[in-house]
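Starting off, we have a lone chain in the form predicted alone, written out as structure tokens.
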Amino acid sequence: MPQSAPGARGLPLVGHLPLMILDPTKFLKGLTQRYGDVASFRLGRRPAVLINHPELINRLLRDRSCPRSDESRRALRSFLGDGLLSLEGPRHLRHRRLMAPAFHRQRIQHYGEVMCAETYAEIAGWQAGPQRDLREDMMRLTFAIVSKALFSTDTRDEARDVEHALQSILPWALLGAALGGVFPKLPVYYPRGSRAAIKRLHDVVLKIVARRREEGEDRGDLLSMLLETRDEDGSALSDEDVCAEALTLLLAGHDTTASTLTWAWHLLSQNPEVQDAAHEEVRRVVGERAITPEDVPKLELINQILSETLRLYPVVWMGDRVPDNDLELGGYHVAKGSSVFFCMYVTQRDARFFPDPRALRPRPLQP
């Protein structure tokens, strides 16, 4: 049998949990620097392993006997409900199958048109000179886009309320996921304000769902598709399931996209030569007309800038799996039930895989 991975012993009872809570990227990077691509540590009494090589991560993600941990899914379920991000197994596959029609080519084309229209509406009032809070601008823009694509409604004025709600919810959800490694039965704790924010988000979406069911009109948005789709046995998603998936899409399409765009603006501001090349590409491909979804594949440099932004500042920067059986990773034995972590933030800044890993290097501009 292969030997266990090298690693650190940690503190009694809690192991390395304090380091994972206080500064996880620093701790995980230190593990890889000291012990290599497979390093062991502990979260409470549970053994844990960090893998830091693309081939190992790819193998882990393709292994269906390695689902996400109960703790991470329970943390997501605590504020999203039973949606794609919090389900595993047959229920996850059923939801994926029922949601697939919402992402057919024709629907994607429509969502792209919504993105273009909302973007032009947002920047119409921008002027050269004054400083702008681009994080706030991007949050407002992405919320307007996802609201129109999801619900066919203009909820631009509610963007700040949703941002504040997520800011009060997410830290407690992440803490609950981390503490679950030590106290598996401990429910995720939310203070009163965060509990009120969760209830407010669910109430708003459930009211919209109930109204749309009563109207019975297909508006061409994601909500219409979620309400109309049927499984092979004729069953549909319940209102609670639709609410969970709508909130999942709201989170995935709002905060994460806004963060990526904000980091992209930051990187461009620090790399004027890349910014100039991006402007030139848009002038060459689009000219003076309005951009359309058909232009996106032709904007090679823009796509590379976004890929580099996600490499340097991944919005989902860490993941975990818990193998149902013993397995071997990188020549080391990983026991059934261990927590296996991978940290995109660390791997994607590894000089073995990306030369000059901290710099913005879109491929079309590389020497």
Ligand code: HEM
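None of the values given here were measured: they were computed from a predicted structure. Residues carry their position along the shown sequence, with the first being 1.
From this point on, the text means the form predicted in complex with protoporphyrin IX containing FE, which you will not see here.
- Judged by heavy atoms within 4.5 Å of protoporphyrin IX containing FE in the predicted bound form, the contact stretch among the candidates 130-138, 244-252, 279-287, 212-220 is 244-252.
- The three marked residues, Arg96, Leu310 and Arg321, each reach protoporphyrin IX containing FE in the predicted bound form, with a heavy atom inside 4.5 Å.
- Put simply, of Ile291, Leu179, Val204, Leu85 only one has a heavy atom within 4.5 Å of protoporphyrin IX containing FE in the predicted bound form, and it is Leu85.
- Interface residue among Arg74, Arg107, His92, Lys148, judged by heavy atoms within 4.5 Å of protoporphyrin IX containing FE in the predicted bound form: His92.
- Taking non-hydrogen atoms only, Ala335 never approaches protoporphyrin IX containing FE to within 4.5 angstroms in the predicted bound form.
- Using a 4.5 angstroms threshold between heavy atoms, Thr260 counts as touching protoporphyrin IX containing FE in the predicted bound form.
- In the predicted bound form, protoporphyrin IX containing FE lies farther than 4.5 Å from every heavy atom of Ser238.
- The shortest heavy atom separation between Thr256 and protoporphyrin IX containing FE in the predicted bound form is within 4.5 Å.
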